[in-house]
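The data below hold one chain only, encoded as structure tokens and taken in the form predicted alone.
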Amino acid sequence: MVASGVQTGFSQENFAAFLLERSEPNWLTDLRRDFWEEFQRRSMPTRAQEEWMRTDIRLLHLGQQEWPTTSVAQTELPSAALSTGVELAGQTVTLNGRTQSHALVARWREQGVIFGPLESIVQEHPELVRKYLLNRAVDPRYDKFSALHAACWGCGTILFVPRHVCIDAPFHTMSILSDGGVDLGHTLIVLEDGAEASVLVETASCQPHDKGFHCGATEIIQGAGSRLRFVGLQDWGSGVWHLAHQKAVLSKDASLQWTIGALGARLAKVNQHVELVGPGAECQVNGVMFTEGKQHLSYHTLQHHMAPSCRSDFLYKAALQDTSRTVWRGMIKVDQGAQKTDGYQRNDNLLLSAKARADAIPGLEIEADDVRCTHGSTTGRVDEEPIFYACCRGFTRKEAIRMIVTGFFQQVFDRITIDSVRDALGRSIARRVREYE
């Protein structure tokens, strides 16, 4: 439950109270005011716009969302899925946009690593935050929701890894919503040249059917030769509106493995972009989506090759039950000077219901003439024949379907090098599988 004193709606009055509550550098307050004006100028997206024509948010009313301006009452928190049995380098936990706990192993602090709540680090290291926050990756003026987030983010996590520091244990962050809660959390990850790290980020609700609103952003900035494994598991309650902008910027010879698990939310609209700005940069993005009920998950991906000799590989797989729907819209963009580009994108969809729907829209925008860029998409239903043969060998129908779904996702699972992540995704999907219609 959210404590009393909660204001309702993203209004000018509540925004002013929000600013008074925070003790922040003047430059950040000025930025917030600027982005708030941008938010007010922008209208809500409509289905007349190409990006939103397959995603209907008419039932989302920002004026009805609760905006906590006081502390949040404690409640029983869900357990983490990704960090179970894992030795961590650091961890942060938030509830309804408020930091509940944070920790950083002393060994890494002594090597200059900065990790913790963004709202605290901006006080301790204001110039570091100012250098990177919302000016190198995510565009606060992209749309109404990016402007809202930029103006009103209240909590978040920052990870800064100095040059050539290699961290051998993952960092973990967990964002939690109680019923009716709001989260505008921000994740900022900066790896300097030659640094290495792994980050596990997950979201969850206190109860499976809780409502809520999340409008977040993730910024990843990698220096030359840096290495990052980043995992995001979205498992909000079935009543949560999930809106997010996520962007990574990779310098020369930087490497990123980015794994996405999208399982929860009533409606999700996520923009996931990777910019390869230095020669030799490479990224691998793995996406797993599993939907049920009336869920609607929409992921728009962009592989933007801005420098020569870069490689990008995007693979998204979705399995859909009931009347749920997924939208994947991918684009490989190659600038004129980005010769020797190697870009690949693929989206496969498995329909577990005759009423489910998967939209796949791959695209290419190529201005260079010495590239290799390919894309593909498949959509189909489960064949009854393998279900029949599995049942003949003693499996129940549900067990047979579960095996088929697991096999469908295996190509993505094989890419995941972190055992806890692979196991957590497999378990989360398996327990959602129902009998095929």
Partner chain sequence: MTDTLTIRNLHVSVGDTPILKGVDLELKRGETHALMGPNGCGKSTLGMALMGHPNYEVTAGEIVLNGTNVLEMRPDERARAGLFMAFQRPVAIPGVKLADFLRHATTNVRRPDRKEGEDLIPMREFRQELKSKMQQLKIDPEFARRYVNDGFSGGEMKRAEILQLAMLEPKFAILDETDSGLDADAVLLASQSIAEIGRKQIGLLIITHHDKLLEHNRPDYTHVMLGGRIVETGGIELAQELHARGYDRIRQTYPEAAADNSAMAKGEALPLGA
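Positions refer to the first chain, counted from 1. What you see is a predicted model, and the numbers here were worked out from it, not measured in a lab.
There is also a form predicted in complex with the partner chain; it is not shown, and the following applies to it.
Checking Q40, T46, T396, Q64 for any heavy atom within 4.5 Å of the partner chain in the predicted complex turns up a single hit: T396.
Of the heavy atoms in T374, none are within 4.5 Å of the partner chain in the predicted complex. Contact check for C391: a non-hydrogen atom falls within 4.5 Å of the partner chain in the predicted complex. Contact check for E21: every heavy atom lies farther than 4.5 Å from the partner chain in the predicted complex. Shown alone here, G407 lies within 4.5 Å of the partner chain in the predicted complex, counting heavy atoms only. The chain is drawn here without the partner chain; in the predicted complex, the stretch among 383-391, 365-373, 29-37, 55-63 whose residues come within 4.5 Å of it by any heavy atom is 383-391.
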